[in-house]
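In the form predicted on its own, a lone chain appears below as structure tokens.
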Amino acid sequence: MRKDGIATREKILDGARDLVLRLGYSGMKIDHVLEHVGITKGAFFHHFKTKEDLAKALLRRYADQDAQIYAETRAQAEKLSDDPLQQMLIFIRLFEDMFNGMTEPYPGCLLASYVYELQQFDDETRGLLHDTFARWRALLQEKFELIVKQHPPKTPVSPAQLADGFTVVLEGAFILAKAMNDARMAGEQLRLYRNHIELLFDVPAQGRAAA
């Protein structure tokens, strides 16, 4: 695909993402995308055969971008410590820092928008959603398994549940911050999750990241 074709495809995906977060998938029409991006129907259908085709491409791109952010943040944390528990605390703190710098509530998660309208999608798209959340779980579960082995928790705990807890806190914080129009909430809830991990694994005060 030529560079101008790639640029147009990315513009369509960017515009569709904005519209899904604002209107929901069912509320977003192809005509909305055309108007928002400033392209013709011919240009749209050159890249996407149907709205459903666009939905799948948008989901795959979003999932890949999030996986890259997770992987890069994890790699950054691993450079700063050899201990898996400290790596996880740094990982969470890095996400806190991302959201603490925002002046407006995070616009939302495309995946959550899709989940709210599962009835709109076919089995392939639902499978993509499942696989994306499973990928997030696997990335963090691996780290929590190492933590549990090296740092016995104060109460029995499942590495998979701890991994899912990060996603639950993050996604829930997006919703709350948007509903309350308070950009601080995402960072605050992540800090509380980090504090929970510190207490669960009995991290000494001197070993905790600054609040």
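Note that residue numbering follows the sequence shown and begins at 1. Because the structure is predicted, anything quoted here is derived from the model rather than measured.
The same protein also has a form predicted in complex with another copy of the chain, omitted here; what follows describes it.
Colleague: Hey, of 153 to 161, 34 to 42, 65 to 73, 52 to 60, which bit sits against another copy of the chain in the model of the complex at 4.5 Å between non-hydrogen atoms?
Modeller: Flagged stretch: 153 to 161.
Colleague: Whether H47 contacts another copy of the chain in the model of the complex should be assessed with a 4.5 Å heavy atom distance threshold; does it?
Modeller: So H47 does not count as contacting another copy of the chain.
Colleague: With the partner left out here, check for me: in the model of the complex, does some heavy atom of V169 sit within 4.5 Å of another copy of the chain?
Modeller: Judged by the heavy-atom cut-off of 4.5 Å, V169 is in contact with another copy of the chain in the model of the complex.
Colleague: Under a 4.5 Å heavy atom criterion, is Q120 part of the interface with another copy of the chain in the model of the complex?
Modeller: Yes.
Colleague: With a cut-off of 4.5 Å between heavy atoms, is V115 one of the residues that contacts another copy of the chain in the model of the complex?
Modeller: Yes, V115 sits close enough to another copy of the chain in the model of the complex that at least one of its heavy atoms falls within 4.5 Å.
Colleague: Would another copy of the chain be touched by all three of V20, L176 and E188 in the model of the complex, meaning a heavy atom each within 4.5 Å?
Modeller: Contact check passed for all of V20, L176 and E188.
Colleague: Enumerate the residues of 124 to 141 that have a non-hydrogen atom within 4.5 Å of another copy of the chain in the model of the complex, in sequence order, or give none.
Modeller: If the 4.5 Å heavy-atom criterion is applied to another copy of the chain in the model of the complex, 124 to 141 yields H130, F133, A134, R137.
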